[in-house]
Each structure stands twice: as structure tokens, then as C-alpha cells.
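The chain below stands alone, shown as C-alpha cells; this is the form predicted alone.
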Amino acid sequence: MMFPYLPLAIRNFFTRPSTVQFPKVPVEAKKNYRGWLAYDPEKCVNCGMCIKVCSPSAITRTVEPVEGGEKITYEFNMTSCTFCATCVDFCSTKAIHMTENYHMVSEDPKDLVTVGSRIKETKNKNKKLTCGDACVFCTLCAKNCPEEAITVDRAEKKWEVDHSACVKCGICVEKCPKKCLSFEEPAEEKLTCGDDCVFCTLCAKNCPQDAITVDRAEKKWEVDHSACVKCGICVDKCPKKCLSFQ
């Protein structure tokens, strides 16, 4: 037979095509398809959990100081993303979700990046995480802290927080069953003197603000906290090392 494909060609001529004229004819993705990642910065609490769980390191965060606060920007690189949706599963505020958009073709890699920014006010920047007396040391705060800033020793009944690592996302506050965690303004540090004081008067003599008075006869030590500038000279000069800021 000179035309072996002729019967197939005739049959296909009377058969509906298996393809469509894309993109002229739009095609919707299947339900639950993991497409382009979407990010809502207004829902984000800047916990950083998405960055921590992202295997290909496709998520980055930058923080820039601006007037009245900080500009926090998250970038999701679709060229590195494996679309595993782990970041979606771990996002406690549902700020990240996968869309059904599969149109991810571009000559410029910058077009394949999801970017979102928000301004976080710093009026509460000086507040620190504190734990009340109702704590039962259940360790839920430590287990849910994305920055591992909290340590809990159930045996010793001790609770500690690394304030330098804490990003004040508030997840621990929400997870606390006793509601004893909160962010509060730290108490002002004041100069104090311990029981080892020998009333040598060196602290008073070296204080540049004359904020300290010592009565050797009466064995009294006093400080004018309004005049103290917390320079620490008295602490350095104390021979018994009983002065400190607490």
C-alpha cells in the first residue's frame, strides 16, 4: 500500500481534536493544582517559619528601616520553588497559598518572583516577651517558636527567652493555654548596691554626676536615679563588685 497512513488520516479528519488552540483558548488547571505562589503581606506576622521549612531556599526576607517602622519584604523565587506547599502548611496566619496559575514562562527571571512588602510599626519595638506566674511549663511556646528563641526546662520549672532572636510574631502568645505570655515594656534599669558594700565611697568619688552619696558612719548608700546617667564608672570602680544595674 502506497499510503499506509491514509486510513488514519481519514479517521482523524472526522474525530474531535485532542488539543486546543492555547493560549487562544484558555484552559483551567485541575482542582488543587499547585501553581504560582501567592503572598498576602498584611496577614504575615514575620515569623520566618516559611523560610525555615523551605527545602530549596526559595524564600528570602529583607528588613529596611523606614520612618515610623520597618519595611519587611518577602520574596518567593518560582525558579527555585518545588511547589511542595510546605510553606503553605506551616504558615499559621494563611498569608501564603498556592494558586491554579500555571503560566510561568519568561525570558527574565525577575518576572518569576512573587514579592510582598509591608510596613511594621516600631512603637512596640522595646517591648519584651514576659511569662506570668500561671505558667505550667507545657513547652508549647518553645515548640511553636519559629526562631527557637524560647527554652523551657520542665524539670527545673524554668522559662527563658532570647530577646535578640525573638521577632515578636506573637505565635507563642496565641498558643499559650494559660494565656500568661505577653509583650510588655521592660522595667527601667536602676543602680543597686549589694550586701557586700564596705562603704568605701569610691563610687561616690568617681561618679561624674554626683548622683551617689555614701555615709560611712551611718553605713548608708543612696543614689539619685534622676541624676544617674548609667555610665557604669561606679560599677567598674567598686572593689567588692557589689554595684550593678538591675
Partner chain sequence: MSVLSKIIADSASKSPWIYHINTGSCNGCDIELVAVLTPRYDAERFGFKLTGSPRHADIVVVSGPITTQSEERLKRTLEQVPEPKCVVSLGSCPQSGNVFKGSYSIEGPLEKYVHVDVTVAGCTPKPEAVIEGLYKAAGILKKKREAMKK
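Only a predicted model underlies this, so the values are computations on that prediction, with no experimental measurement involved. Residue numbers count along the first chain shown, from 1.
Another form exists, predicted in complex with the partner chain; not displayed. Remarks below refer to it.
- Contact check for residue 158: every heavy atom lies farther than 4.5 Å from the partner chain in the model of the complex.
- Although the partner is absent here, residue 66 is not a contact residue: none of its heavy atoms lies within 4.5 angstroms of the partner chain in the model of the complex.
- For the chain shown alone, residue 133 is not a contact residue for the partner chain in the model of the complex, no non-hydrogen atom being within 4.5 angstroms.
- In the model of the complex, the partner chain lies within 4.5 Å of some heavy atom of residue 106.
- Stretch 96-104 is the answer when you ask which of 96-104, 68-76, 138-146, 172-180 has residues with heavy atoms within 4.5 Å of the partner chain in the model of the complex.
- Of the listed positions (87, 129, 150, 81), a single one reaches within 4.5 angstroms of the partner chain by any non-hydrogen atom in the model of the complex, namely 81.
- Along 30-47, a single residue, 33, places a heavy atom within 4.5 Å of the partner chain in the model of the complex.
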